[in-house]
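Given next, in C-alpha cells, is a single chain: the form predicted on its own.
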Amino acid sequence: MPTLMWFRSDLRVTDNTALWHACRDASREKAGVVAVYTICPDQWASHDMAPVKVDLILRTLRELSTELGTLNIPLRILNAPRFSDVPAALLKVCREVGAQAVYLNKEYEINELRRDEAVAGALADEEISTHAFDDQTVVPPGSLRTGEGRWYTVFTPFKKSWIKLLEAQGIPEALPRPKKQEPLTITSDEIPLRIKGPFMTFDPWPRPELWPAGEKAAMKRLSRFVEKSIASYKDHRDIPGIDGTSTLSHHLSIGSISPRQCLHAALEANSGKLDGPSPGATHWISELVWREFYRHLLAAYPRLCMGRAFKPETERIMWRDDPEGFDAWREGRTGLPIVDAAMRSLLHTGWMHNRLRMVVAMYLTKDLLIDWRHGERHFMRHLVDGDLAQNNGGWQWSASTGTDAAPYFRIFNPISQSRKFDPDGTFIRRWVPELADLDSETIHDPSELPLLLRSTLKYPEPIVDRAIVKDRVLAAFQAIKA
C-alpha cells in the first residue's frame, strides 16, 4: 500500500523532512511513495496570490516532477478550488492508490491550519494516518519562549534565544535526497501552463527568465551568492542599484530551497560559526533569523493572518481615505523618484529590494497616512516571493503597528534614504528614465529645480508636502492614546 506525500510550500526533493520520512517508512514496509499537489485557484485568489508566484509554482512543479521521476515517485496534481475541497480530493486519491498514510510538512497560517485539521479528521475517519513535520524553519515555532513562558515579540531577545538553542543542541543537519524506490504502476499528471478559476485566471508570467524555477536553480543561486557576494553582504545589502542580496526569497517562499540549506551554506562561509569572522555571513544569518521570527509570530498570533494589527490599540488609528494617493503610490507617480522607481520595479519584475520595501511602506503609512493593509495586499498581488509572515511583518514594522520595540514615531525620509542608498541615482535612472539626465544631486528631489526646468521633465510634482508629514502622523498616533 503506497504512502502519500502531500507537497505544499516545500517543492524540493533534498532536505524535505516529510518526504524523507515518507520514503524511509515506506521502504521499511516495502511499499512506495506517491506524491500529490493540490491546486486551489479560488483560495489563491482570495489570498491575493500574485500571478508571477503562481507561474513560479507551476514551473517549479515541472522541475519537481522530473526530480521525483528519477526516484520513481509519481506526482499527482489534484484540483481543489478551495481549501474546503482538499479533504475530499485527498481521500479520493488515497482510495485510488490504496494509501493508508499521508505525510506533510506543517504550514502555520490560520486557513492552512484549519484545512489541515479538516484533512486529518477526514483521513482518520477512514483509518488513514497523518504524519506532520516542522520544516519551514530551522527552529520549530513554539520551541523558543521567554522566562515567563511567553512567545517572543521582540527580535533581539528572540535572536539571542535562537542562537543559544542552536549552540546547545547543534545545527540541524540537512536531510539527504531519498533513495530511489521500485517503480509503481501510477503515472504522473501533466502540470498545467495556466490555471483558470471563476474569480481569476493565472496566466504564464511573460518573463520567466527573471525567476529560474526548481531546487537546482535555487542551489545554483545560493552557491553563487556565497561565492561572490556574501562576504560583502553587510556593506551592499541596502544598495538597490547592485546585485548585493541573495535573491533567494522566492525559493524560500515556495520551498524549492530550505532554511537549513541556507544556514549551512552561510556557516561554511563563516568558519562554522553563527557569529563568526565574516561580517557579511554573520549579517545574512541574522536575516535568516528575522525570517524565523516572523514565522514564529504568525504561529503565535493567528490574528496576524486576519488583517489585524499586532498592537491592538493601533486598530483605532484614523487612516486617511485617499484613493488618488494610493493609485499614485502603486503606479509609481508620487513625485518622489526613489518611491516611484521602487514601485515601477515591482510592477515590471514581481520583486522589490528589501530596503526599498521599507521605504515605500513607510511612505504609504507615514507620509500618506494610508492603512498598511492596502499596501500589504498590493504587495501580495505582485510579489514573486509573496509570503504572509514576511510581508505582514515588514508592513507592520513600517506602519508601527507591529512588534518593533522602537518608538512609534520612526519615519523614514525617502529623499535621505535615496541619497544614502542610491547616491548616484543608478536605480532611479533605470526605472524613472524621464529623470535620467539629471545629475546625482538633483535626481533625488527634482522638486528643488526651478519651475521652468521642472516643467520640461514630464515628471509629477510630489503629491504630499513633507512639511506636514511628521505632525500629521504623530497626531494620528497620539489620538489613540486619548
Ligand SMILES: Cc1cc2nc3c(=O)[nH]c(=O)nc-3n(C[C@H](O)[C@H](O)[C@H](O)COP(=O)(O)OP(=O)(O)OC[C@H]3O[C@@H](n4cnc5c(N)ncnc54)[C@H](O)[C@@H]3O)c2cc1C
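Numbers for residues come from their place in the sequence shown, where the first is 1. Computed from a predicted structure; not experimentally measured.
Below, we refer to the form predicted together with the ligand, which is not included among the displayed structures.
- None of M352, A265, V139, L304 but one reaches within 4.5 angstroms of the ligand in the predicted bound form through a heavy atom, and that residue is M352.
- None of T247, T314, S161, T153 but one reaches within 4.5 angstroms of the ligand in the predicted bound form through a heavy atom, and that residue is T247.
- Contact here is defined as any heavy atom lying within 4.5 Å of the ligand in the predicted bound form, and by that definition each of L288, M358 and G394 is a contact residue.
- Here the chain stands by itself, but in the predicted bound form one stretch of 314 to 322, 341 to 349, 272 to 280, 384 to 392, 384 to 392, has heavy atoms within 4.5 Å of the ligand.
- Mapping the unseen interface onto this chain, Y103 falls outside it, with no heavy atom inside 4.5 Å of the ligand in the predicted bound form.
- In the predicted bound form, the ligand sits within 4.5 Å of a heavy atom of S398.
- At the 4.5 Å threshold, heavy atoms of F83 stay clear of the ligand in the predicted bound form, well away from it.
- The ligand is not drawn, but in the predicted bound form it has no heavy atom within 4.5 Å of W205.
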